[in-house]
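The chain below stands alone and is given as structure tokens, in the form predicted on its own.
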Amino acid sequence: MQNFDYRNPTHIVFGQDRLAELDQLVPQDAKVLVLYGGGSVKRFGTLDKVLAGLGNRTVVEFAGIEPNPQFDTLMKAVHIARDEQVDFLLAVGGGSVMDGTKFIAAAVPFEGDEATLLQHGFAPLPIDRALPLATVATLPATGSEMNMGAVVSYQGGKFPVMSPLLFPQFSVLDPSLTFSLPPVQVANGVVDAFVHVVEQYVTYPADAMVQDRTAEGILKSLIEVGPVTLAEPENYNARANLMWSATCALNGFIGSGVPHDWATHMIGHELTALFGVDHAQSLAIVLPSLWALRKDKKRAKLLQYAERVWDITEGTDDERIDAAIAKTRAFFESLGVKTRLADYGIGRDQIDSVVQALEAHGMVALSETGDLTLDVSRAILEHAHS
């Protein structure tokens, strides 16, 4: 097992009808900026419950944080937060709203060009203060409710933003708030959480028994509850297990002391930026093909994945690996998430533009071993076409 430091200060408030507790969770004298996306939190009454839970505090609202939150949109909220002198941020929504709120928390007290906050990759931001923030999660997918990371879109690229100061102080996770989600968002959430897990698990062995077994448990849970929660959207127990699986997929625990491979995300980000493919859809396109072409690099963990997650024990090593990859692709497809570029109208002649974007954004040495070159990325995309 590799050396690691692990700390997660986020207080999780899990369960039904917990929004009334906001009055105890938010500092009594706070001036709160409530941030959300489109109209769904208003349409389904979530925003009204949040505002009621905040009691008599002064509240300012900011609406319109879009999927793949845009820097320019977030800067509008930054200026409002400064002008109104808010001192607490509350994100109400899915991963994009939470991610955008984290950037805003870092940007409001920042003295300098806020765009430079997007230049640090996965390294912690060089900041010593940020506004305190919390979240009310309405979409189980990204795990942003319990980690210190965010992704912000800027000038056609997607940029990570990381800092221990951006852990939410608390996150309210009420599975019943997700009952009204469209099926495509639920399916995307299952895929997103699944890929978060395997990019910390299907790398190379590190003898991290607890992390591996926990990762496998999350994967098996997603395989079990994903179809159920799509078929029965108000099945509370299924939705609760999906929500907690998505949170645990990226709260840092299973990734402690083990190698990570975020190549699927990095390639997928370019598909989203160039073609508007949903984030999770981009992951479903890339992952099976990446594994197919990188199976010699990931052989030991793919065999472990095949046996422990899919119960595949018969056949040669290659046959078991191929069967596990096929099972993964079939699982995504069973949720209604297509796994080929052609399914989204992306032609082979457009692969060049993806490779060029990867090069422009410095994504030239990806994977847990740093040897996934642009040529390999191109081969993955060609394999993923049809």
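Computed from a predicted structure; not experimentally measured. All residue numbers refer to positions in the sequence shown, first residue = 1.
Same protein, other form: the form predicted together with a further copy of the same chain, not shown, and the subject of what follows.
Only one of 122 to 130, 269 to 277, 292 to 300, 234 to 242 lies within 4.5 Å of a further copy of the same chain in the predicted bound form by heavy atoms, and it is 234 to 242. With respect to a further copy of the same chain in the predicted bound form, the three residues Thr203, Val364 and Leu374 uniformly fall beyond 4.5 angstroms at the level of their nearest heavy atom.
Put simply, Asp207 is close to a further copy of the same chain in the predicted bound form: some heavy atom of it is within 4.5 Å. Interface residue remark: Lys76 is not counted as part of the site for a further copy of the same chain in the predicted bound form, having no heavy atom within 4.5 Å. In the predicted bound form, at least one heavy atom of Gln211 sits within 4.5 Å of a heavy atom of a further copy of the same chain.
At the 4.5 Å threshold, heavy atoms of Thr10 reach a further copy of the same chain in the predicted bound form. Between a further copy of the same chain and the residues Gly157, Gly217, Pro227, Pro259, the one pair within 4.5 Å by heavy atoms in the predicted bound form involves Gly217. For the stretch 1 to 30, the set of residues having any non-hydrogen atom within 4.5 angstroms of a further copy of the same chain in the predicted bound form comprises Met1, Asn3, Phe4, Asp5, Tyr6, Arg7, Asn8, Pro9, Thr10, His11, Ile12, Val13, Phe14, Gly15, Gln16, Arg18, in sequence order.
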